[in-house]
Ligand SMILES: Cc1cc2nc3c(=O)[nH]c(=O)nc-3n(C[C@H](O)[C@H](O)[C@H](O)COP(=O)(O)OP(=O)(O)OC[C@H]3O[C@@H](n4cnc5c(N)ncnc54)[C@H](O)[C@@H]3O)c2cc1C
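As a starting point, one isolated chain is supplied in structure tokens, in the form predicted alone.
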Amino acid sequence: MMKNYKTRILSNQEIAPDYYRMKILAPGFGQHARPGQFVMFRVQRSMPPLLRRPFGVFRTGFLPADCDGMPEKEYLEILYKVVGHGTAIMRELHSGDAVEVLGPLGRGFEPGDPQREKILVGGGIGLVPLFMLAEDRVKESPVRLLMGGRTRDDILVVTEFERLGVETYVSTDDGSLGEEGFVTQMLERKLRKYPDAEVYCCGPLPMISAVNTICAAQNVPLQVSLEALMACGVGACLGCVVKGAGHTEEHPRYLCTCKAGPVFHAAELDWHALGTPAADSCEGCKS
């Protein structure tokens, strides 16, 4: 159930160069949030940036009651990278600052077959929607996370996944952490070992496209979480439209990432058209 939370920040911490982790007070949010959903975030104290920014929900939880008798606090947590004006403002926020959050929004991941291995593939902030999925699936299925980044600074929250019981593998382009190379190389090896696995992916578009190529060639079920430009998050602005499978000029098939997604089965998408500007990256990651 979607709700607009006029709330406050509980904490906002830098976890790697330019990467931050923010806890936001959100009573009742966790009972409605599903793995892969997102929120639209706005700073209340200033007018610019005028539009809300989308951010995937990393996790939900409770802060315990303190020694002064204050009750436990339910929160949602987002991770973000500082790359523009909006996220630069967010970096300066502190505990107690007022913010506004709309959510949970969008279609999340489907759980898949509990009898099949789960392989999660993520890069950078693309790890965000995979955490709640791992938390949910590890109760029933073996879960393996393949985590990639340009350098060690792009490898986030490894220990959080490991605490869930997720088998975690790391690769970096420069070899500064884990093995040197692309995360897709690890995926090819894992699928040779676990050919009946189901794959879930989020990250930069070139990585997602490469994962789709690998999975399609081996007939492996794949769900992807797309990042897209969006201003509203509820299907009104049409700023996050992508082309669906079977799209033609005579029979157009457009899908709003915020409503039909952000999670899609790979077969639902027109992969030849995903390089258009509307599908390159989300506003939250550009702000």
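Quick caveat: nothing in here was measured; it's all calculated off a predicted structure. All residue numbers are counted from 1 along the displayed sequence.
Beyond what is shown, the protein has a form predicted in complex with the ligand; the following relates to that form.
Peer 1: Looking in the predicted bound form, any heavy atom of Gly108 within 4.5 Å of the ligand?
Peer 2: The answer is no: Gly108 has no heavy atom within 4.5 Å of the ligand.
Peer 1: With a cut-off of 4.5 Å between heavy atoms, is Tyr80 one of the residues that contacts the ligand in the predicted bound form?
Peer 2: Judged by the heavy-atom cut-off of 4.5 Å, Tyr80 is in contact with the ligand in the predicted bound form.
Peer 1: In the predicted bound form, does Thr184 have a heavy atom within 4.5 Å of the ligand?
Peer 2: Close contact is absent here: in the predicted bound form, Thr184 is far from the ligand, nothing within 4.5 Å, heavy atoms only.
Peer 1: I'd like to check something about Thr87: if you look in the predicted bound form, is any of its heavy atoms closer than or equal to 4.5 Å to a heavy atom of the ligand?
Peer 2: Yes, Thr87 sits close enough to the ligand in the predicted bound form that at least one of its heavy atoms falls within 4.5 Å.
Peer 1: Answer yes or no: in the predicted bound form, does the ligand come within 4.5 Å of a heavy atom in every one of Phe55, Met230 and Pro262?
Peer 2: Spot residues vs the ligand: full contact, yes.
Peer 1: Please tell me which of Ala26, Ala33, Val43, Leu226 lies within 4.5 Å of the ligand in the predicted bound form, judged by heavy atoms.
Peer 2: Among Ala26, Ala33, Val43, Leu226, a heavy atom within 4.5 Å of the ligand in the predicted bound form occurs only for Leu226.
Peer 1: Could you check which residue among Leu133, Ile125, Ile208, Met147 gets a heavy atom within 4.5 Å of the ligand in the predicted bound form?
Peer 2: That would be Ile125.
Peer 1: Given a 4.5 Å cut-off on heavy atoms, tell me which of 96-104, 125-133, 209-217, 173-181 is the interface stretch with the ligand in the predicted bound form.
Peer 2: Heavy-atom contact with the partner occurs in 125-133.
Peer 1: Would you mind checking 90-107 for residues with a heavy atom within 4.5 Å of the ligand in the predicted bound form?
Peer 2: Heavy-atom contacts within 4.5 Å come from no residue here.
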